[in-house]
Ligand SMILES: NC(=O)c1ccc[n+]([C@@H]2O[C@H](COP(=O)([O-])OP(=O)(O)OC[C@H]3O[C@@H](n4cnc5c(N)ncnc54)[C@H](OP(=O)(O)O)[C@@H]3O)[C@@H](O)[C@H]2O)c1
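First, one chain by itself: the form predicted on its own, in structure tokens.
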């Protein structure tokens, strides 16, 4: 496995603190404590979770035992808990499950148009005043939603927006990424390896990823993650359910792809951008249908899979 130097750090928004540019994602995580501990030991001292991630918060509680003061801890409140009292209760629940006195970055998991943004942000700001969270972030916010959140954030800034971003899905490059960079809002890239590596390969008919990996002595996963990290103001939170995968992901930091390799990836990887209809279908698709949809997708030709994945 290709090695790497220590994990670099980047500023969190316009704050004075620096966070690791590679963190540990825990959506659909089932690796237990050991991979998280090894990732922390490797320098990925940034764990992202959410109240909706099953028992992930309880696992993290055990993983950070004895090193809480070194770990940047982020969690998220679900979109159906965005009324003032519900949000305060949700935060208390996460604090208890994580076994901590405060959460470093608390994020709105997804906007809810049925609940006033001002009410939600007001509750978040109250949590900052109470010392239960340090910074306010959002997740899955488009450009208009992010602008609205910033307008109603009267006391504390929005420091981060956690969104899907990878070589195969560059939707945020249609204005959102530039806006975040211009306004010192950190982009936390989830699914930097797409939801499955096969989706990256579907978008790489000329096998450019494999070529660059061989020429640089890195792995394909490290190339894909590093491409994200080359963007100003972008950090990534890949998930690894095994020690090997976590350490491989961590080794995507400490170096940078050359401009030539970045240009090759930009030009050769057949990326896509999600439209409003695409997002609506994904948001409202019943959970029971998702496994069948994924299974059907694997049976389609590569070109069609790329457009639908």
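Numbering follows the first chain given and starts at 1. Here the structure is a predicted model, which is why all the values come from computation and not from measurement.
Although not depicted, the form predicted together with this ligand is the subject of the following passage.
**Q** Only one of these stretches, 142-150, 86-94, 167-175, 185-193, has heavy atoms within 4.5 Å of this ligand in the predicted complex; which one is it?
**A** Correct option: 185-193.
**Q** Give a yes or no on whether every one of 27, 221 and 245 sits within 4.5 angstroms of this ligand in the predicted complex by heavy atom.
**A** Answer is yes for this spot.
**Q** Mark residue 109 yes when one of its heavy atoms lies within 4.5 Å of a heavy atom of this ligand in the predicted complex, and no otherwise.
**A** Output for residue 109 is yes: heavy atoms within 4.5 Å of this ligand.
**Q** Using a 4.5 Å heavy atom cut-off, state whether residue 237 contacts this ligand in the predicted complex.
**A** Taking the distances in the predicted complex, the answer for residue 237 is yes, it comes within 4.5 Å of this ligand.
**Q** Is there a non-hydrogen atom of residue 57 within 4.5 angstroms of a non-hydrogen atom of this ligand in the predicted complex?
**A** No, residue 57 sits far enough from this ligand in the predicted complex that none of its heavy atoms falls within 4.5 Å.
**Q** In the predicted complex, is there a heavy atom of this ligand that lies within 4.5 Å of any heavy atom of residue 120, even though the partner is absent here?
**A** No.
**Q** For 38-55: residues with a non-hydrogen atom within 4.5 angstroms of this ligand in the predicted complex?
**A** Result: 48, 53.
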